[in-house]
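Only one chain comes next, encoded as structure tokens, the form predicted on its own.
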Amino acid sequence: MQQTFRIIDEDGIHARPATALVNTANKFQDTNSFAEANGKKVTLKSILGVLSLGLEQGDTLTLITEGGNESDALTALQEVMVNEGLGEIHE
């Protein structure tokens, strides 16, 4: 499953929100979670991976979940993106 977002936070995805995404992804041990942006795909279970995307305001980010609880994991990650004011759903 996947969902694409447009980054709206003026600081982009920096350490604090990256940590929130990684912590959420790690709650779902039987699900692989990835972030994809600018042609690069990284695991969402590594803060360095997320930060390496260098996401800035206006960029698009696709969150991808695969495995046992992919639906619940994507919902939880989507809530972090929206509730933390990081991004909005991009159709």
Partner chain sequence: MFKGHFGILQRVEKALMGREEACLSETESGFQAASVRDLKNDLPSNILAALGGQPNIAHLDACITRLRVEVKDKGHVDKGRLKQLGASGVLEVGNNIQAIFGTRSDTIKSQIQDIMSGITPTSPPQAAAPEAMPTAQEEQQAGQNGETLIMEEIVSPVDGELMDISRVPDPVFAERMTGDGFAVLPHNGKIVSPVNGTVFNVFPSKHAVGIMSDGGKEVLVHIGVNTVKLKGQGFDVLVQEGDLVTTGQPIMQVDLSYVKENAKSIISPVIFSNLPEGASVKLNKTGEVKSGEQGIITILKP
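Positions refer to the first chain, counted from 1. Computed from a predicted structure; not experimentally measured.
Form predicted together with the partner chain: not shown, discussed below.
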{"item": "Non-hydrogen atom within 4.5 Å of the partner chain in the predicted bound form for each of Ala15, Asn23 and Gly54", "value": "yes"}
{"item": "Heavy atom of Glu10 within 4.5 Å of the partner chain in the predicted bound form", "value": "yes"}
{"item": "Thr75: touches the partner chain in the predicted bound form, heavy atom cutoff 4.5 angstroms", "value": "no"}
{"item": "The partner chain contact in the predicted bound form: Ser46, any heavy atom under 4.5 Å", "value": "yes"}
{"item": "Asn69 within 4.5 Å of the partner chain in the predicted bound form, heavy atoms", "value": "no"}
{"item": "Heavy atom contacts to the partner chain in the predicted bound form at 4.5 Å, residues of 70-91 in sequence order", "value": "none"}
